[in-house]
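Each of two forms of one protein chain follows alone as structure tokens, named structure 1 and structure 2.
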Structure 1
Amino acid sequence: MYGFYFDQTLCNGCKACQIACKDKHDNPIGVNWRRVVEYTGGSWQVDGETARPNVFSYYTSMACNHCEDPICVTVCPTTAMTKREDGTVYVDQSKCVGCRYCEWACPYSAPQFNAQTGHMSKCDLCYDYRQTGQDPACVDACPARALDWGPIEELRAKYGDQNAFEPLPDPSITRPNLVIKPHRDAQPFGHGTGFIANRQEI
């Protein structure tokens, strides 16, 4: 089973991963299989008569997490959403009717409706690249080397198994094949005090 690793401590929000994915797959405007979310917040800290800002901001690059329990596969009425033998989830375009059930069900908003084709589309962890021994486009594009991929058990052995941080949803819903090295200010899922600063982009 394959998955992604993401290092929040290295990401500066440049979106090179997002652009590389969009360019590689020639996705139209509004269809973004990988998105970079900026999570920010904070307040003023008052010490006597002195007030200073106590703020935080960090980025999370996310695509399809090729979950162990992919809800998109469960809700698809035509069996167009399928798991390959390697665990990656893909859309069988010959079966998809564009009903968007998968889009509405996925807590990560991974499936994206392509109005040009009338079908759903999503990250397949660059299946074609992997068949020729290449890394996914997003991984190779990251100038900070904040992204990695591979068998999820190897990623967990190397980097740990954390993935429950704001603004991501509860990982128990789908059990994502995702490992995150948290930013120093990363807030645990369910305890967030910040907000998504670039909601219009994602």
Structure 2
Amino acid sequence: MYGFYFDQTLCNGCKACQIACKDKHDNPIGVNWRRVVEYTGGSWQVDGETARPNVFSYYTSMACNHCEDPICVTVCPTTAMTKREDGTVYVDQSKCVGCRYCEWACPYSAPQFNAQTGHMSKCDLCYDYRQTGQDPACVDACPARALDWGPIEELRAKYGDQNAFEPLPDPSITRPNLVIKPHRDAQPFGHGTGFIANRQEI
């Protein structure tokens, strides 16, 4: 089972990962298999002429998490959405009718409708690159080295097994193959005091 690792302590939200993915897969505007969400919170204590901040912000870069329980596969009426033997989830373009059930079901909105093809599209963890011994494009793109990938057991052994942080969905829904190193201000899932600060971008 393969998965991704993401380090919130390194990501400045530049989105080189998103663009590297878009460049490789020729995805049009509106289709981003990898996106970056900004989570921000806190406020200012204004006292007369002075103002003191108590503010936090951090980014999370997110693609398909190739889940243990991929709800997109479960709901697909045409069996187009499939798990490969290596655990990665892909959509067979010849079977997909573009009904978008998977998109509505996935808590991460990982499957995305490509209006140019009329089919769903999604991250396949750069299957072609992996076949030739290369890393997924997003992993090698990150200027901060915030991304890694590999067999999920190895990632968990190396980086731990945490992934329940705001503003991500409840990991119990699909059991994502994802490991996150939290930002010092990261808030545990269900206990967030912040908000998604870049709604337009995701």
Partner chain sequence: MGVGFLEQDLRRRSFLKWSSAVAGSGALVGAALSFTGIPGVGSQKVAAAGDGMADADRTVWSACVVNCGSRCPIRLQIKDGTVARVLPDNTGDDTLFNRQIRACVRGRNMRQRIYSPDRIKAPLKRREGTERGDGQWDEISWDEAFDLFAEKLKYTIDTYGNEAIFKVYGSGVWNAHLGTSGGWGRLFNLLGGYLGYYSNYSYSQIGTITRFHYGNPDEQISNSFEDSIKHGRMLVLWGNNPQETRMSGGGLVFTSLEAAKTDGLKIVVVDPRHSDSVSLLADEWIAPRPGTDAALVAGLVHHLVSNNLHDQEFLDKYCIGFDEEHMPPGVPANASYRSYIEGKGPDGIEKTPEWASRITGVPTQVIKNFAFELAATKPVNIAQGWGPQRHANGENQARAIYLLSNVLGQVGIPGGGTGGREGYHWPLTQWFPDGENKVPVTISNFGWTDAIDRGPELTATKDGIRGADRLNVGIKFMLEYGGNMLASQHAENLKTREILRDQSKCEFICVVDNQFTGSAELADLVLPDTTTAERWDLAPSEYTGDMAYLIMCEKAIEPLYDSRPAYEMVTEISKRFGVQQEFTEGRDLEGWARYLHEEFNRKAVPGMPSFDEMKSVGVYRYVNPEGTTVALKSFRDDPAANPLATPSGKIEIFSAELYEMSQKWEFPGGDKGDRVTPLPEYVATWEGAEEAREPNAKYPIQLIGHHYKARTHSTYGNLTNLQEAHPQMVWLNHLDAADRGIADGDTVELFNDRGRVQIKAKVTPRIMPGVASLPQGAWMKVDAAGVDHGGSVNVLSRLHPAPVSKGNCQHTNLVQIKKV
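Basically, rigid core = biggest C-alpha set you can superpose within 1.5 Å across the two forms. Everything numeric in this text was worked out from a predicted model, so none of it was measured. Start at 1 and count along the sequence of structure 1; that gives the residue numbers used here. Residues that one form lacks are left out of the comparison.
In this pair, structure 1 matches the form predicted on its own, whereas the other structure does not. Taking a Cα shift of 2 Å or more after superposition on the rigid core as the cut-off, the single stretch of three or more consecutive residues that moves between the two structures is 44-51.
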